[in-house]
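Read the single chain below, which is given as structure tokens and is the form predicted on its own.
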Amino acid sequence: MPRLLSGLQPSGQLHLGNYAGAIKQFLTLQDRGYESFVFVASYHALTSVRDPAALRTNIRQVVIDYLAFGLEPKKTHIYLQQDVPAVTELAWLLGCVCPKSQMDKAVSYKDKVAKGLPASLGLYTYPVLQAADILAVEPDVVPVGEDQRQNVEIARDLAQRFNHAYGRDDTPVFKVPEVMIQRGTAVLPGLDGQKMSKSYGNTLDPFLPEKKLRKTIMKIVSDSTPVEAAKNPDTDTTFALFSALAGADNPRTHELAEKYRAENISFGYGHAKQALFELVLEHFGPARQRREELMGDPGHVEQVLRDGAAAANQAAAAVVKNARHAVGL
């Protein structure tokens, strides 16, 4: 059975970019028979979250949202990063073969510092810990958004460096996974047109109450093209979000694109935003209902996490044992 690994930070509410770039892939691969390890990246969140109460709330909410979106505990092991201690040990071992120059080139560090996050050592070495997350459970594939491609490539490189330094040709210490990117929806624009990110405060939460959801969608930035003039769907944020959610080949997407290109006084950006609002409610209707049910069943959520951590620890134990032996510990 093929295996996948991925995770998301609990640095705030999950949003449409998380869904399109990662969770949608989790659901597809889960249904294709992959054994899935999906974790809450709680240690990674410490690079940006300084409020312990908020972090605890966010962690729990991410787990609930994973389940609401459709991850099934019988097929997907859901766990918290801090519940698998092997990950931090592996991060140290991998750090000892990681060149400083590789971290200097990490785009995630540069981007976040440019946006005002403090330049901490944790943020700087973020990709090494992420590599440990990945390699600990020996996945075959790592489905991520395009913005995380480099970090998975770093994980692959560190695995190969470690194998070269300590392994043998017939028995590598780490399995080298493949990166999997969902084409067309890997990076979504946020409300302001930049990459959708909790760090940038420009996200769209599909679980918002209806009135607030509509109000948020209506705030999406658009250009100043008059209502009666033709518009370019390929450069508009609202259309990009609609296409990512409905699918680029969906007839509804093609119909909306035609409305953009037509010179029609009865269609403006506000109409496109209303179409997106209705699509979000329709697409996430079952998930919104499941989420309400899960909010009232904390015992179920805790059991899911215990079972997920047990599976992840079992997988990681053999990896850590081999890595320790390889380095001489």
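Everything numeric here is computed off the predicted structure, so don't read it as measured data. One rule holds for the numbers: they count along the sequence shown, beginning at 1.
Heads up, the form predicted together with tryptophan isn't pictured, but that's what we're talking about next.
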Open item on the list: When tryptophan is placed as it is in the predicted complex, are 162, 172 and 316 each within 4.5 Å of it, taking any non-hydrogen atom of the residue?
Closed with: no
Task: 4.5 Å heavy atom contact, residue 291 to tryptophan in the predicted complex - done: no
Open item on the list: Whether residue 144 contacts tryptophan in the predicted complex should be assessed with a 4.5 Å heavy atom distance threshold; does it?
Closed with: yes
Open item on the list: Whether residue 41 contacts tryptophan in the predicted complex should be assessed with a 4.5 Å heavy atom distance threshold; does it?
Closed with: yes
Task: tryptophan contact at residue 216 in the predicted complex, heavy atom, 4.5 Å - done: no
TODO: Could you tell me which stretch in 124-132, 253-261, 225-233, 98-106 has residues with non-hydrogen atoms within 4.5 Å of tryptophan in the predicted complex?
DONE: 124-132
